[in-house]
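Before any questions on binding or motion, here is one chain by itself as structure tokens, the form predicted alone.
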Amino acid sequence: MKALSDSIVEAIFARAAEAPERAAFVGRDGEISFDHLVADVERWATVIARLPGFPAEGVARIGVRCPDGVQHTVLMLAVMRAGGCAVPVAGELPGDERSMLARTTALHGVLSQGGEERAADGSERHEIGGGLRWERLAAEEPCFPVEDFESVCPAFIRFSSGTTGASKGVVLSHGTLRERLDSANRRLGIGGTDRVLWTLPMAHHFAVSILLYLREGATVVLPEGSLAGDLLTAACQYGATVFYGSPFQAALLAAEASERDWPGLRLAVSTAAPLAPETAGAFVRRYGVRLSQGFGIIEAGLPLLSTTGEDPMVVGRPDDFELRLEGSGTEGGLCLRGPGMFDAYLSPWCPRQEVMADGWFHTGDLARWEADGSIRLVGRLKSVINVGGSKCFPEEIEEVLRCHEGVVDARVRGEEHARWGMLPVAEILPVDGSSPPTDGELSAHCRARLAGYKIPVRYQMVRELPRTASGKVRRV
């Protein structure tokens, strides 16, 4: 195996050695101690390194498609332990998007559990035990410079939204992961006595959550289900001390009807989407602990975290990150720089120093300085739609809609929603205004090509779409 002495996995192993009998996971997958976790990672790393198609030289790019749980974590860590770069493949992605992800990253293969989808053209499928399959993919010529990619010691690639349209593969090295965990934990303060209630999808939230908890020797609590009662039952049964989830899960917990207490809760963090004041207020009334609003992005980790929780749109003061607002006065585009910044965008290849040519990363958020030096988020400068913490772009959905035989053109925007934050809605310019496609037909068309959260919840037929002088559809 091409294991790296300074890898993030080695840091987790070192922490595990301090308390090998401590539980790394508890809940629906049983209790898994840290020494058991380490043994499983080592075993699977050996298996992965010997799989057909795993390159003897260089850095293997390995997709991991596995339901949330211990197995997902073991496989992600095992890929890194074997010297590969792990690429999570979200289970909700339809075939078209999975194929695009595989091509963009030039995957050597995919480890998967569950599902019996047809193998990709030119691939080889192997059953490797434990209910897992290895799909060795046909060689793809990478559309990025392999030497530059491997020179950063890559550990992890995650896409910033979907895998088409404006999405970007974000490359994180082992060193970057270690830096951003150190930085994030300055604000979170996770330690070995903590037990963290897990509520987020692992394919989207791994680099500053699961890795951080294990590196700090904390225990991850896996609930039996995703309903409010399931979450609170697991929290109480296993003594969860930390909640780290989306506003959607926070709202579910705040509305849980049993009136049970959560006596061990010390830290509650809402992240991935804007937190509604109503949810923040209901949560503190229900459990006596304020919800802290975290500002997290895959390019930077968790650079900001509010400490008072009094106003959910105030995301805290800078500490080890520097912030700048681009524009005049106290309001403008949020720019930042600090430890653990991403190493590169994959395709087209663009290293961090080129993205941050002026020394700053431009987040695309509109923000304002408060009198006490805190940052208040005001809105988005970009067109991204954030659905309960999962992000998509209007352009991506519009491209799919235009492929429908009854659609000439489309415009998609995000509509505010009390529970989900935003939901996509679409305006449709039909081929035949007297007999336009039905909502059901359009939804079925989208469902075959897009993840569920990207499917518009409403379609409005229009006679024309507003356009710019150059002929492009004008954004709302």
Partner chain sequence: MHGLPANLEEALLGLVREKLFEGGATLTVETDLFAAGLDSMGIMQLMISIEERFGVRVPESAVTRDHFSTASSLAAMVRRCAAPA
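Residue numbers count along the first chain shown, from 1. Bear in mind the structure is a predicted one, so any value in this text is a computation, not a measurement.
Although not depicted, the form predicted in complex with its partner chain is the subject of the following passage.
Proximity to its partner chain in the predicted bound form, defined as a heavy atom within 4.5 Å, holds among Pro351, Gly296, Gly169, Gly388 only for Gly388.
The contact with its partner chain in the predicted bound form, taken as any heavy atom within 4.5 Å, belongs to Glu92 out of Glu331, Asp311, Glu92, Glu150. Using a 4.5 angstroms threshold between heavy atoms, Ser443 counts as touching its partner chain in the predicted bound form.
Although the partner is absent from this view, Ile128 stays clear of its partner chain in the predicted bound form, with no non-hydrogen atom inside 4.5 angstroms. The closest non-hydrogen atom of Gly225 lies within 4.5 Å of its partner chain in the predicted bound form.
Mapping the unseen interface onto this chain, Val47 falls outside it, with no heavy atom inside 4.5 Å of its partner chain in the predicted bound form. Looking at 428-436, 30-38, 58-66, 445-453, the stretch with residues near its partner chain in the predicted bound form, meaning non-hydrogen atoms within 4.5 angstroms, turns out to be 445-453. Using a 4.5 Å heavy atom cutoff, none of Ala106, Tyr345 and His362 lies near its partner chain in the predicted bound form. Residues of 225-253 placing a heavy atom within 4.5 Å of its partner chain in the predicted bound form, in sequence order: Gly225, Ser226, Leu227, Asp230, Phe248, Gln249, Ala251, Leu252.
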